[in-house]
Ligand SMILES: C[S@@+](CC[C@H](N)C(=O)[O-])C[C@H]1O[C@@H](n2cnc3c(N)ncnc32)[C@H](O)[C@@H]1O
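One chain follows as structure tokens, the form predicted on its own.
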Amino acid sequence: MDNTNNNKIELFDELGESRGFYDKRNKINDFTGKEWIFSTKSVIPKSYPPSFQLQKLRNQHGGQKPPELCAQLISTFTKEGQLVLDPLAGVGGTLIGCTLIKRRGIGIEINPKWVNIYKKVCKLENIKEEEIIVGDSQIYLKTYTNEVDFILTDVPYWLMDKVEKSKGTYKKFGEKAKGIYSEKSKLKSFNENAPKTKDEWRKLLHNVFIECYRVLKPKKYCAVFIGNMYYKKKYHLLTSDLTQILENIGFVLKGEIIWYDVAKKLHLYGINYSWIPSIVHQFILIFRKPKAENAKK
């Protein structure tokens, strides 16, 4: 049912409830006005319950992301049927998110273990398997000729799974120590061949995203999960490093979203001798490819 403005049409959900009015001039997504407002919030204070074989399979990967969160981001920057690329696909959170909201997905993942887990999850959950390539995106994307409508990925965390937690004991006054703070001294693994130095990490990101820039359509968006980290007595602002790399390539930073997982457990570092942050949030940096602008070498 059209309203007085011929550019707007009222949309309804599966139960017949009004979603609000959609503007036909909307070139970014399929949102109505009120859905658009919600999508621009800069903080997502939400935890996602286990789903899609999270505990049995996908949780083997230390950096897996909730498909429902990926679907929320994908729906913000694409229309139904458009193509989404994840050049560092892991266990396929982005790809499952594509399936959930009827987008096409293509993922590239260098570790066949994670690809096999993604395929097994699709089979067990009886969901469509999006295209996924076992290979190095630095190499594969050089020969990729299709254009994509959106990029959503989670970059390697540079030694994040190698950093040890505090191993101190805890006790109440006047009582004996009751043991260590955590049974696990390290986070779960990401990839064994992850960059060992920050320079290697920067080089990897540059090589991947310069090809991502090439295949992304002009005026389209790229969203990247990344977390800052504390390592060797120093806080590393990895968000700044990533932004510099992508801006040098030609991307324009449009904003940031903070995902605060309210159910995430605190890790104990430096207790009793130094203040070290227990990081319980991640950033989702939003970039855009300008119109008719070439990538920098």
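These numbers come from a predicted model, not from an experiment. Quick note: we count residues from 1 along the sequence shown, nothing fancier.
The same protein also has a form predicted in complex with the named molecule, omitted here; what follows describes it.
Undergrad: Is W114 a contact residue for the named molecule in the predicted bound form, using a 4.5 Å heavy atom cut-off?
TA: Yes, W114 is a contact residue.
Undergrad: My question is simply whether Q64 lines the interface with the named molecule in the predicted bound form - judged by any non-hydrogen atom within 4.5 Å.
TA: Contact check for Q64: yes, within 4.5 Å of the named molecule in the predicted bound form.
Undergrad: Against the named molecule in the predicted bound form, would C98 count as a contact residue? Criterion: heavy atoms within 4.5 Å.
TA: The answer is no: C98 has no heavy atom within 4.5 Å of the named molecule.
Undergrad: Can any non-hydrogen atom of E147 be found within 4.5 angstroms of the named molecule in the predicted bound form?
TA: Contact check for E147: no, nothing within 4.5 Å of the named molecule in the predicted bound form.
Undergrad: Counting only non-hydrogen atoms, choose the one of 105-113, 215-223, 74-82, 119-127 that falls within 4.5 Å of the named molecule in the predicted bound form.
TA: Heavy atoms within 4.5 Å of the named molecule in the predicted bound form occur in 105-113.
Undergrad: From the list L204, I151, I210, I132, which entry has a heavy atom within 4.5 Å of the named molecule in the predicted bound form?
TA: Of the candidates L204, I151, I210, I132, L204 is the one lying within 4.5 Å of the named molecule in the predicted bound form.
Undergrad: At a 4.5 angstroms cut-off on non-hydrogen atoms, which residues of 14-32 are near the named molecule in the predicted bound form? List them in order.
TA: The stretch does not touch the partner at all.
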